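As structure tokens, one chain now follows by itself in the form predicted alone.
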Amino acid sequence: MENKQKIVLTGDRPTGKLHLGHFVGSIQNRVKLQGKVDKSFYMVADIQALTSNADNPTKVRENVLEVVLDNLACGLDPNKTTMFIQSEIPEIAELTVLFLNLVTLARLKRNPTVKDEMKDKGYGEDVPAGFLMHPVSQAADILFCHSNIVPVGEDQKPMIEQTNEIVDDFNRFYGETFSHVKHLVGDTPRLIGIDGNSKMGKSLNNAIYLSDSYEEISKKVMNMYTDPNHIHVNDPGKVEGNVVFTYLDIFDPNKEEITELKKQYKKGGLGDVVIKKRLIEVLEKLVAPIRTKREELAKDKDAVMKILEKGTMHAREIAKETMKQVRMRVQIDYF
């Protein structure tokens, strides 16, 4: 069944404040798309966060507001985007249970995103079942509102592939119900960490946050990985693998100047401090208005919770309608 409406869903796990990787990987696209599509949804994925934080629910609860503040400060508009909390939509859990019948354990273990995250967390075979199953829960998150566009980072593409497999199986077994989902990756599919790690992450302590102060940004940039062999200013330096230049390529709008700086750096005569100071100013120009708006919004947290409450009530009504249709398809609509 091809859904002619363009419906976007995206979300964040409330496990900490959001960083530049989230901004370029997903937030920019979700802000850009709102108002240009038929419907837009933003989900605080607290149930998904608990799959790896079951022993620390306080951490998840306390960060619900943090991720919402980050998104509002970046320009997500509750008048254009329905913002809701995952755990407050019980139909998502019901849909997850039905979808679990369509997925094998072997397939879940092959999911590259899950494999990478399991490795990062050192789970091995002792992985919590909820964590291993979260691609199925994610499919329910996406499909409960018949979403068909999901702005994600590069690392989340396998999740969308698995969602589409579930769509195919459900439609084949029970009749045409859901549409295929398209992933939408940002201009920067994956932002490397400030330590040169292949991915910026909350748990890796290698991130610049959207709420960081000028002093915090400065300190982190000054400690950034460059070229270890570029010891003296006059030494020729390597641009490849140099995190400062990687960030300048992404965030500095003056591409011609960056090209010239690269030539000078390769030849010798350009110090790391010069390019780091330039990056500090570029990032501060990006983050400062976000930080200021965030601080203003944080003064009235009750108003932010009201936004979530209103959005959640709207999302719940949509979820109820979807489950009526699903229950009829699966022939469990008894009363």
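All residue numbers are counted from 1 along the displayed sequence. Just so it is clear, the structure is predicted and the values come from calculations on it, not from any experiment.
Not pictured, yet referred to below: the form predicted together with tryptophan.
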In this chain shown alone, the residue from Ser87, Thr177, Gln156, Ser218 with a heavy atom within 4.5 Å of tryptophan in the predicted complex is Gln156
Contact residue in the predicted complex, from Ile275, Leu69, Met43, Val287 (heavy atom within 4.5 Å of tryptophan): Met43
Does tryptophan come within 4.5 Å of any heavy atom of Thr81 in the predicted complex? no
Within 4.5 Å, heavy atoms only: does Gln138 come near tryptophan in the predicted complex? yes
Can you check whether Leu9 is within 4.5 Å of tryptophan in the predicted complex, heavy atom basis? yes
With the partner left out here, check for me: in the predicted complex, does some heavy atom of Ile166 sit within 4.5 Å of tryptophan? no
Pick from 237-245, 101-109, 148-156, 221-229: which stretch has non-hydrogen atoms within 4.5 Å of tryptophan in the predicted complex? 148-156
